[in-house]
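Take a look at this single chain in structure tokens; it is the form predicted alone.
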Amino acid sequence: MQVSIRDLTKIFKERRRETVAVDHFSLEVKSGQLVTLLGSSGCGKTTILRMIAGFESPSSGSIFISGKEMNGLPPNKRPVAMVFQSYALFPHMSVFENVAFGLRVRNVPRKELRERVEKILQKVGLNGKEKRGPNQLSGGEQQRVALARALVVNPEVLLCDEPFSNIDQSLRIKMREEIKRLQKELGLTILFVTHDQEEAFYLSDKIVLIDSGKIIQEGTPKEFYENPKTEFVKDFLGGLKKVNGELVRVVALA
């Protein structure tokens, strides 16, 4: 397994109050899979992603990537990269410098750095816009820069936290197609967070539906559609229902 999460729990403490954000969460992700953590706001899906990235520490439980335990490692020592909902681009840097930032931190030689940045900008369709600033780009282009910045460091796992929520519907559809293309082309392992059922069904090899920090159901989109296990799952996915009927005739199309 590329990612193995075992009995992960996160409890936030504020004064005398404790909030269980993630409750004994376990998950296995195979190499090359795109797994979506699906759920409403506040269900714990982003907290799970932040613990994998190292931005939050688990209260208990373990996270393994490629067989190596991540607990206690700082974010810069983990083989992951994250695409944020807010893009998190550096406004004073050009497209090129934004994408190159992670490579500079890793002291990648100048020639290799330029080659890798140019290659990934080509992959996401931003070649020719290297010198522009973030404020000269559309929302979709800014999201492509954020995606390129994450991919250029060759992460073992790409973490995406509702990356398309700030762009309009037509661009969201294009970016979904883009992320699927890149996943297949580059063999990416992706953990993708969203509250959008349509997005989850389109993108996912596996969906993990979460409520109150717990897994309610996991499986392929087909399995969710054909066998929602609880009323909660049916309601969340839009009231999926089976209708009894009788097949009376099969018509062959010319």
Partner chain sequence: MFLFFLFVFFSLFVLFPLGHLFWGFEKPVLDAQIWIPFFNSLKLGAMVSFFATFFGFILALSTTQKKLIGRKFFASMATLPLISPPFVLAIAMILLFGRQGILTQKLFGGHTLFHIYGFWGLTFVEVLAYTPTAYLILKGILEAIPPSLKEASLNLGGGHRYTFLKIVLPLSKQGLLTAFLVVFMESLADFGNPLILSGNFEVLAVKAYMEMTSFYNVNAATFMALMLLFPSLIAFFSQRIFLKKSVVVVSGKAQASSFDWLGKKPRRFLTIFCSLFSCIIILMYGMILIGSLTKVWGLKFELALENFSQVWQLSHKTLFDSIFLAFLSGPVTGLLGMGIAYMVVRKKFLGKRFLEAVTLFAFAIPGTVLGLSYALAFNKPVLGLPILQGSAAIILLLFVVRNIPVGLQAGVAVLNQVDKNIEEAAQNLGAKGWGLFRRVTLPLMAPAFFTGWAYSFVKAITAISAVIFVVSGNWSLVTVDILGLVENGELSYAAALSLILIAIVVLVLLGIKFLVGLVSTRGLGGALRGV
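Values in this document were obtained by computation on a predicted structure and should not be read as measured data. Positions refer to the first chain, counted from 1.
Keep in mind the form predicted in complex with the partner chain is missing from the figure; the text below concerns it.
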In the predicted complex, does residue 102 have a heavy atom within 4.5 Å of the partner chain?
-> yes
Partner proximity in the predicted complex: residue 184 to the partner chain, non-hydrogen atom cutoff 4.5 Å | no
Applying a 4.5 Å heavy atom distance criterion, does residue 50 contact the partner chain in the predicted complex?
-> yes
Wondering, does residue 44 line up within 4.5 Å of the partner chain in the predicted complex on heavy atoms?
-> no
Checked 109, 91, 72, 128 for heavy atoms within 4.5 Å of the partner chain in the predicted complex; positive is 91
Though the partner chain is not shown, can you say which of 179, 82, 167, 124 has a heavy atom within 4.5 Å of it in the predicted complex?
-> 82
In terms of non-hydrogen atoms within 4.5 angstroms, which of the given stretches 30-38, 217-225, 197-205, 51-59 touches the partner chain in the predicted complex?
-> 51-59
Taking the partner chain as it sits in the predicted complex, which residues of 126-142 have a non-hydrogen atom within 4.5 Å of it? Please list them.
-> 135, 142
